[in-house]
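The data below hold one chain only, encoded as structure tokens and taken in the form predicted on its own.
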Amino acid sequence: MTETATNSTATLNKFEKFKLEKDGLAVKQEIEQFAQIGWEAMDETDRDHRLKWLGVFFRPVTPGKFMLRMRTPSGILTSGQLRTLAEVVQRYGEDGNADITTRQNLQLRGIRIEDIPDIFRRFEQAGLTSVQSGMDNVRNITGSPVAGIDADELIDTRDLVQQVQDMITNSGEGNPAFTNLPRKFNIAIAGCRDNSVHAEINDIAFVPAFKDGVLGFNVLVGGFFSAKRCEAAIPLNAWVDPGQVVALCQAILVVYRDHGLRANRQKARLMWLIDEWGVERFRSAVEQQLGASLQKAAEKDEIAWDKRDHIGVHAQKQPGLNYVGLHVPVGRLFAQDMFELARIAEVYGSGELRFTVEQNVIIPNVSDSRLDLLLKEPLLERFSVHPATLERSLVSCTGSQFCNFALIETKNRALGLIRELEAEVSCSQPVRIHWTGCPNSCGQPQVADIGLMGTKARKDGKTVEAVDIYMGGKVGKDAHLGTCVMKSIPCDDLKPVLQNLLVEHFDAHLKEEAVTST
């Protein structure tokens, strides 16, 4: 690494120091020992930090119980893989649930360190991996949830997403070349016209674009959310054909690894390096690493639609087949739900399931002849194809129930409050309401119509859970980030505030019974 990246040992933050002492991936060889000695006897740095290189997260709010974060490129799983994960949740997860994330992924809860070796053996047999899914690694790579089946798609990105993951993780074995990035890193590859991957919030994003009649990708770089700063990705002024995607990802990652800023962890994401260098110098360094000049970006990309949520029944490009999008309230799944989803995918589809960045599930390849039977399944009474208008677009991070970073409880509160609002307010259109428990923004409030970020406030002389409110986030065509419009609203006072916002900005109106009761 260069002087810019390393500075001196004296100026490195504690994370850089422990990464120099031992690569995070090294704990892969120590899992059996950790299982034998238990979580309380482990070295704290191994337990609290290095285990994240294997996707194993210590959670102080649930001592002795870990979270497991998977890698599911493009959000695609087979029914057999989902059944394996359901078995893990049922057998080993004391909390008995899993969460679909805003990166088309699954997080399993309540796992003990003693059970990790057996769980990892199950993963290997099922073709699953959690490697390099946390800390200073590339997180789950997102792609269109309907890649390969969307009647209107431009490029089927599934293989590209898998190739990029395989390059980064050495096909799931772990790749030391990319285990010491300055900070976490997000990649998205879009193949449709509606920006279903939220390209603008990724460190690297590929969006479809024609250049000289050839279909490839324009490249965006530097998008990120953090407690310190949030920025939308900017154009690299580069266009690549699909065959160059993997090599360009590798080149950008190497430049970032070797030159990214490491002294201040709050200023270590890729955009900080681009700020320091300027985009032209950054692009030149990437070209040098790539060993080839990049073509200038196409004049326009093909993101031309408002974003779809893929809920409901939709005809596929394959004649006679449909994909069915199921709404999963705030992305929370229990073991029995997972078993049922696996069964439904096998009975009515092709044994495949897909997650969306809105924390929902898609069952693809359902034949016309099986569609009516699927829609009568009891599970669809809870995971509806016709959810209520406001609940339809509700997204929430894990919250303080399981995450020690969260300042407030989110999932249960979000669901309870939205259902109260549904009973009192009529909306003619979905309103994207996103909850996040802290400024790390896992719930992505900056891309929502209404975003709620957890904080603390004083009320009646006491410290209470509260939210800062963001508005104006837009996804799809001409995407941009929202801004904070209200600060420190106590959660107990939030319902009338949201009612007013819905009425004033989203053409909602109070239902007659709600008006009468007030």
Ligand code: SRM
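So that there is no doubt, residue numbering starts at 1 and follows the sequence shown. Being a predicted model, the structure only gives us computed values, none of them experimental.
Just so it is clear, the following notes concern the form predicted together with the named molecule, a form of the same protein that is not shown.
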{"item": "Stretch in contact, per heavy atom within 4.5 angstroms of the named molecule in the model of the complex, of 238-246, 434-442, 386-394, 312-320", "value": "434-442"}
{"item": "Interface membership of residue 52, the named molecule in the model of the complex, 4.5 Å heavy atom rule", "value": "yes"}
{"item": "Proximity of residue 67 to the named molecule in the model of the complex, heavy atoms at 4.5 Å", "value": "yes"}
{"item": "Touches the named molecule in the model of the complex: residue 165 (any heavy atom, 4.5 Å)", "value": "no"}
{"item": "Contact of residue 84 with the named molecule in the model of the complex (heavy atom, 4.5 Å)", "value": "no"}
{"item": "Candidate from 123, 348, 339, 402 lying within 4.5 Å of the named molecule in the model of the complex - any heavy atom", "value": "402"}
{"item": "Heavy atom within 4.5 Å of the named molecule in the model of the complex - residue from 186, 79, 175, 289", "value": "186"}
{"item": "Contact set, 101-120 vs the named molecule in the model of the complex - heavy atom within 4.5 angstroms", "value": "101, 102, 103, 105, 107, 109"}
